[in-house]
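Below, in structure tokens: the form predicted alone, a single chain.
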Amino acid sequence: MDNMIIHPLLKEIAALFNAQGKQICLVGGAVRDLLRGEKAHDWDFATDARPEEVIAIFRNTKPRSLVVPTGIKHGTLTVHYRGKALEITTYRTESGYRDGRRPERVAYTSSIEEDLSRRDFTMNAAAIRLPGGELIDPFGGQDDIRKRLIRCVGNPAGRFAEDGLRPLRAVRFAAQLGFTVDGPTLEAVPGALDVAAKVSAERVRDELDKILAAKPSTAFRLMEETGLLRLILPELSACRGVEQKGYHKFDVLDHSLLACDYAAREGYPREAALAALLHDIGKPAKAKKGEKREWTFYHHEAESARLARIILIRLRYPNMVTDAVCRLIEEHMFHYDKSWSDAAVRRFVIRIGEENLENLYRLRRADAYAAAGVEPGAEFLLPLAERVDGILANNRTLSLKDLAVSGKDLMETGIKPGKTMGIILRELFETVVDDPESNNREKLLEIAASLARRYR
């Protein structure tokens, strides 16, 4: 740390505080990243200045700063300064964690060491005093970072009793950083499950998203070992021991985790990553032994989509994300062969939704990889993708709005709005799916007139 280069903006911020006789330190993930030799992305600060004093410090800065009281109850302000969002918190101690998440009482202190003592893990409990760059590390965080170790500050059971999110953060950091969770820290997790159960669905969801973007299997296996998986995702936990011999090398849980790791390694978007995690959770309910004693899972995709919807709603995912993930899961068992007609390919695109095609391909690649841990070849799904690309290049009639006629056009021919008009529009659409050349106004109005006579 003696050779630590302090960013000029950090020195500038420190000068604002020092001019008022106040201390300020860089804390949290930024310090952890710097100690790991990585670039710090977010800057969080701790100071002995009270919130009202922080507001006063930034009141007359040039350029002008915006101060937002994002967590003023706990001494935290967000300051927008020179294009950066700076989270600045007054040194504090905490007590009373009845809800298992937030302290009931906060007391300000003048000591950075006291402030660091309330933090979760040693790697997050170091600070850099500004502007000089002195490392303050009362709990051996730098040494634990060298050892690649996640260890609670103080007694793990006490730390987890304060905040039920901390056990999940521990396994998430293991997945993100490739660190090992310290033995006593890991052993304290099962005893904290009742506190973890109090954490809001939104906070669990955010941690899950971070896990899916890291090396998911590391976190999920630790969750399984400690009981967190059964608490948070019991549907996924139930996949352990569900064998798939004859189709897959692994049981359903290991298969799902391999698919997740593949999705993370390939940088899949959130919808595809969630689908990789949940695509087979319906298999335990659909498992049956066939005539040759092999396991079968007929229609498991529908059950998996049903359970996935329950999970995603429970975890407060946005409706658009939930719908997209469930669509991917529901359709992931499609079987393409070259005998498909162009109309069949068009119906495939319409059923999946053009916006979901790339993620469906991604899910199938992850699923194929996870069957035996072998990378699918470059040509995997290529024939289907080429057919789809050709269809999309030559025909854009993928929904009713792409028809050359509308309900208004049909009304002008005397067809009244209502159930019959809806039926006629759908039949016109099916006609165009089968024969794209028929998508012209004159032809469709002729067909519509014929249909209208039939439905009188």
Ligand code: ATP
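Note that residue numbering follows the sequence shown and begins at 1. Because the structure is a prediction, the values reported are computed rather than measured.
Just so it is clear, the following notes concern the form predicted in complex with the named molecule, a form of the same protein that is not shown.
Proximity to the named molecule in the predicted bound form, taken as a non-hydrogen atom within 4.5 angstroms, holds for one residue of R151, H300, R172, R362, which is R172.
Think of it this way: in the predicted bound form, the named molecule has a heavy atom of just one of E412, E52, D42, D389 within 4.5 Å, and the residue is D42. The shortest heavy atom separation between D163 and the named molecule in the predicted bound form is within 4.5 Å. By the criterion of a heavy atom within 4.5 Å, G29 is counted among the residues contacting the named molecule in the predicted bound form. In the predicted bound form, the named molecule stays beyond 4.5 Å of every heavy atom belonging to D137.
Among residues of the shown chain, D367 is not one whose heavy atoms approach the named molecule to within 4.5 Å in the predicted bound form. For the three residues K283, R314 and T322, a heavy atom within 4.5 Å of the named molecule turns up in the predicted bound form in no case.
Figure note: of the listed segments 420-428, 401-409, 59-67, 42-50, the one touching the named molecule in the predicted bound form, with heavy atoms no more than 4.5 Å away, is 42-50. In sequence order, R118, R119, D120, N124 are the residues of 107-124 having a heavy atom within 4.5 Å of the named molecule in the predicted bound form; the partner itself is omitted from this view.
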